[in-house]
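Just the one chain here, laid out as structure tokens, in the form predicted on its own.
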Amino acid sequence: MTAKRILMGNEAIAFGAMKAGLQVASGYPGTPSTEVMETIASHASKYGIYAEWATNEKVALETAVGAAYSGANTLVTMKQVGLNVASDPLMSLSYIGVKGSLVILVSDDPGPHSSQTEQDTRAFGHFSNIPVLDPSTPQEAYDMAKLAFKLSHEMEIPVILRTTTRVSHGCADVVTEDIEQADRDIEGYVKEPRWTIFPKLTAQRHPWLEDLQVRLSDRFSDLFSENTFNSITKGNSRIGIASSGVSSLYAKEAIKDHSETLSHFKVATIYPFPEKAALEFLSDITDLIVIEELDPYLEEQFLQLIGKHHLNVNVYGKKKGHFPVSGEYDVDAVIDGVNSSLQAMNTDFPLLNHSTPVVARENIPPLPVRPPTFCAGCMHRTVFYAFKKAAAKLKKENGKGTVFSGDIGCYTLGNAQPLNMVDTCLCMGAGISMAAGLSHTQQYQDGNYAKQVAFIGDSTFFHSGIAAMISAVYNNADITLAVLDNRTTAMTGHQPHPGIGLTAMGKPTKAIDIAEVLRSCGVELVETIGADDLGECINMAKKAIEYEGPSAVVFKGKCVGITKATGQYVIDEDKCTGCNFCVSQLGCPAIFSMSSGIPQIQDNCTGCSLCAQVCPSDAIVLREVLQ
């Protein structure tokens, strides 16, 4: 039985995977990939699937590999920067292959909307010799998830299913099929020399891996006639367009009035490049326009093929400056790129017209400026402010400064004004390692040093903070670690982690205590404190900073995104002096200045009391007190 339902692209992938016989799933949350695992976890018990959030992407992939070695159908999910973390096992895995099936869902973030990079996973597939599928719609995401499992099982190699934000988070009607209970009759692990990688095995498997790329390229060329993932539409001119992923939709929309004239080559099986189909397409083309977000991956594949076969085809893409080399595309950006290419061809072909907007751009009022900041009542604001005050005290007392190394997550927002408390931020877990590195500089050794403080969240601590802290202790780094433990993975949607006591499938489990982990890592000063009392937080921050050698404070509090407000504060205008200290010091979105000079507190106040604690006039009180 089939049914049509409105699904997000990520949900469609989850349903496609479950329809394909998924048995084991592991992942680490990261926008825009998170909803794939969330959907699977919410259906896992119903269909007999095992699903888990791992501590990081490397662990997630290795877990899935272990299950696949037993013959299970497995899926691992992550975002594009997570693939960097998982790259170590990934590169070796391509040589060994798998027995069951293994699909690696990686979501790229053109824009970027919520990432520190705009890297392109298509190139990673090429780098690691792992096939890549690139859907352009939620329906294709569903269908290609099934294809990925089929290919992985057939070729005994992992398959990357790569999406971008508009596919992952776009919603559309998707035709789905009934899902059967997952088959638990897994063959089990069978000892084979193949599962243990050694130089001799690598040398034996490399030719197999290279031959596989050729066979897959031919297979993907055949897919042009087998389904609609890949397609070639012939036009009656010598101008052709090639595209992949969501850019194929933009291209289709941009040239809709010229579809009988312009040929269109839509590539969904992106790596290995389907050379035979591409050669067939190029046989009728003299000018090729390549439309793709992020890297010029397709463009380079075509340039290599054209050079290899000495074809007389001009290529227009990113390398000649006709399309932006970064950022997210839309139909208007594609039309501009196509027109730039047509002008360079000096052809009689008419330029494409932009659609007429319902409201002229010049008549659209500007949106209000909304700089990123912590939620009203977020415990992180209290901790950052406490360290700011503690560092200022120490600077006054002994003249030594403080450097604050941040990390990836909600606490990255500590760099925003007026807190301005993140001096470095690179990737997950790097705050600790960078603080350690800074502590070992010549400046430190000369005695004219700044104390190093690293901030990290609870989920990120488990992701990659533990190894960094062990290294810091081992190498006598003089750093203070502040763990901002709000009891969830907040930035990606409140997924559980090892410190929560709950699994991805909602089952109770042992909660790992962060403070105990730190002590077991050799940190001698480890304190745990609630994040409600600013004065206590300042004293604890000062104590930890003053400690010589690695020290750590675990600040525990609530994430206001998943808890109810405890009250609401208001301004007692009879006491308020209009100093606006509460506004200028904290940057809380619940408080804003008025022309009258008396600030106002909005209904999104959650009752954290931080503003009341900093007010020099005691003019901020709970609403019921004022009444």
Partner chain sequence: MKFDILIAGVGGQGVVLASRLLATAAIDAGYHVATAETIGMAQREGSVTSHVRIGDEVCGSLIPAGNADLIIGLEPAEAARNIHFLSKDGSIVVNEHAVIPSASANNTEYIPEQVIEFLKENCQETINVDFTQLAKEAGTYRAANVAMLAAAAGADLLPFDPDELWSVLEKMVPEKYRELNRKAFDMSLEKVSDIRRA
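Numbering follows the first chain given and starts at 1. On a predicted model such as this, the values are computed, not experimentally measured, just so you know.
Unshown form predicted together with the partner chain; subsequent notes refer to it.
Using a 4.5 Å heavy atom cutoff, none of E156, P199 and S221 lies near the partner chain in the model of the complex. Stretch 584-592 is the answer when you ask which of 584-592, 65-73, 49-57, 570-578 has residues with heavy atoms within 4.5 Å of the partner chain in the model of the complex. Site annotation in the model of the complex: the residue of H309, R215, H113, K320 reaching within 4.5 Å of the partner chain with a heavy atom is H113.
Checking S128, S341, S439, T137 for any heavy atom within 4.5 Å of the partner chain in the model of the complex turns up a single hit: T137. Within this chain, Q613 is remote from the site of the partner chain in the model of the complex, having no heavy atom within 4.5 Å. Within 4.5 Å of any heavy atom of the partner chain in the model of the complex lies no heavy atom of S45. None of the heavy atoms of E524 is located within 4.5 Å of the partner chain in the model of the complex. At the 4.5 Å threshold, heavy atoms of D173 reach the partner chain in the model of the complex.
Along 228-248, not one residue places a heavy atom within 4.5 Å of the partner chain in the model of the complex. The pair L367 and D108 is looser in the model of the complex: their Cα-Cα distance rises by no less than 3 Å compared with this form.
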